[in-house]
Each structure stands twice: as C-alpha cells, then as structure tokens.
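The chain that follows stands alone, in the form predicted on its own, written as structure tokens.
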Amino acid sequence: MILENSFSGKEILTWRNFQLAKGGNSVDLDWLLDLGGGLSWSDLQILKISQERNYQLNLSLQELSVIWMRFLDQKIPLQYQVGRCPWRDFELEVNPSVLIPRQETEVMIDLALSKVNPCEKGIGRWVDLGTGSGALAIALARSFPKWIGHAVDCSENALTLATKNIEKLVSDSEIYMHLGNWWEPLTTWFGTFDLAIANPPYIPKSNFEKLDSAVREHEPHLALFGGDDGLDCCREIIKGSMNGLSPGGLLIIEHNCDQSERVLSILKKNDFYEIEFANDLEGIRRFALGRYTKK
C-alpha cells in the first residue's frame, strides 16, 4: 500500500535540485524539508545513499513547492508559512503577530545564568518585557524553575500566542501573563523583580528602507521600530526598571549593533551599577546589563 505523501529518496532529491534551480540556498530548503516535511538533516544524508527507499513526509512535495515559491517570490518567511520555529532547545509556534525569534537572542539566557544563581535566592521573580512568541519566558522558566515569572506584551495577539506556547512547553511553571506596555501592568509587584529581560523594538525609523524585505514587509513593525533613534523603548524600560527591580535586581536588554554606548550611558545616568556590555554570537555588542539599588 502506498501511503499519502510517501516519496522515494530519488524523487525527493530530484525535487530538491529542481527547487534550488529556482533560487534560494540549500540551508533554507533543507530547513523547510525538516520543519515542514518532517525530513531531518540526518534523514536527508541517509536518503542520498538510499534513494530507492521510501520516506513519509508531513506535506506533499507539491505543498512544499508552494511554500518555497512564496518564500522566493514574496519573501514570506518560512517560519510563518510553516508556523514553527526552533529556538534554543525547544520549538515554538509562530505567526505574523510576533517577531521570529533570532538565534542571537538566546545569549540573553546564558547571560542571565552567568549573573544570577537560580538556587541562591530560593524563590525569586523574573519578568520578560515584550514577550512576543514567549521564547525568552519559556527559556527563563526552564532555567529558573522555582522562580515566579511574568510575561508582558502590548499586543493581544502576541500574548495569546505566547500563552499557548508557554502552556505547551512549561505548563508546570508559575507564569503570569500581562497585556500592557512594558512595566505599566506590573505596578502591583514593583520592587520585587530580581531579573528583568527585554528584547524591545530598537530599529530607528530612518532604517526602514534598509531592512531586508522579508523583515520589512512581513514581520510586525510594532516589534521592530523604536522611534527616531531606535531607543524610545529602551529608555522607557530602563526608567521603569528603577521602580520594578528589587534592590540589586538585574536588567538585561538587547539593542542594535551601533547603540551600545548610548544604552550604557542611559543606564549610568539612571544610577545603575555593575554596568557592562556583552557580545552576540558574531562578536558584536548586542546586550547591555546593569543592576539597580533604590536610594
């Protein structure tokens, strides 16, 4: 019996070569075969030497062809079309209401763990400001399993998606979801947050045309642009942290590659201490860290 969406290795390789001839690169196409078709990279290597063997795909080659052409012609990100995105050690559901989680943002979790011992305080409290898909919140819940978490977003659609991802991946964690702008919905817990983490919109408006069309035309502008100089949200988050953080609480914030000195200066002017920068995976200044003690 021939199963639906069952193809021989030879058919899949022929299809793969035909799609690459249309454009794009093998990394993206193999990602589509994996996340969309269910054919892992290791399966693909086996397939190349076992071409007569049949492989069961989650989608037909025709369906995968349509997705690939939308990616090439309309620049619609594969993650949105497939509805999934691997990040850190888990997989998220994504849609156009949220920014596609970037690999470099994973560094923020490693920074948090290098500065805060999850066991040192017992039950602490963290907040993910601008949670989007919930990627950082899920990683924090896994890294600080005994802590109480909060996730905030001003987009109702984003918060709905984040809630779905959190319930699926860390259902046993105590995480409160808040609809609102940065610190605004958290006044009840002001002064109790030991860790605040944020990947806010930080692209200046003037850089709009310079963005890759896939980002400019398909990812949510609400999650991209941070005002004329890109730092409007950073300023608001840092100002709110002065009330929100517990004594000595840590703030970690992501920023654009050319904003490091300005963000560090904002932290300094607002009486943060232990201020430092950290690099992303490419060695570029991408993160600012600081602690705050109330006077």
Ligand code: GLN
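Note that residue numbering follows the sequence shown and begins at 1. Note that this is a predicted model, so its numbers are computed, not measured.
Missing here is the form predicted together with glutamine (GLN); even so, the following discussion is about that form.
Put simply, of M177, L169, L186, A223 only one has a heavy atom within 4.5 Å of glutamine (GLN) in the predicted complex, and it is A223.
Just one of I109, L161, C85, I203 comes within 4.5 Å of glutamine (GLN) in the predicted complex, counting any heavy atom, and that one is I203. For glutamine (GLN) in the predicted complex, the listed stretch (69 to 77, 90 to 98, 193 to 201, 136 to 144) containing residues with heavy atoms inside 4.5 Å is 193 to 201. When contacts are judged by a 4.5 Å heavy atom cut-off, C154 does not count as touching glutamine (GLN) in the predicted complex. Remark: V215 counts among the residues lining glutamine (GLN) in the predicted complex, judged by a heavy atom distance of 4.5 Å or less. Of the heavy atoms in R102, some are within 4.5 Å of glutamine (GLN) in the predicted complex.
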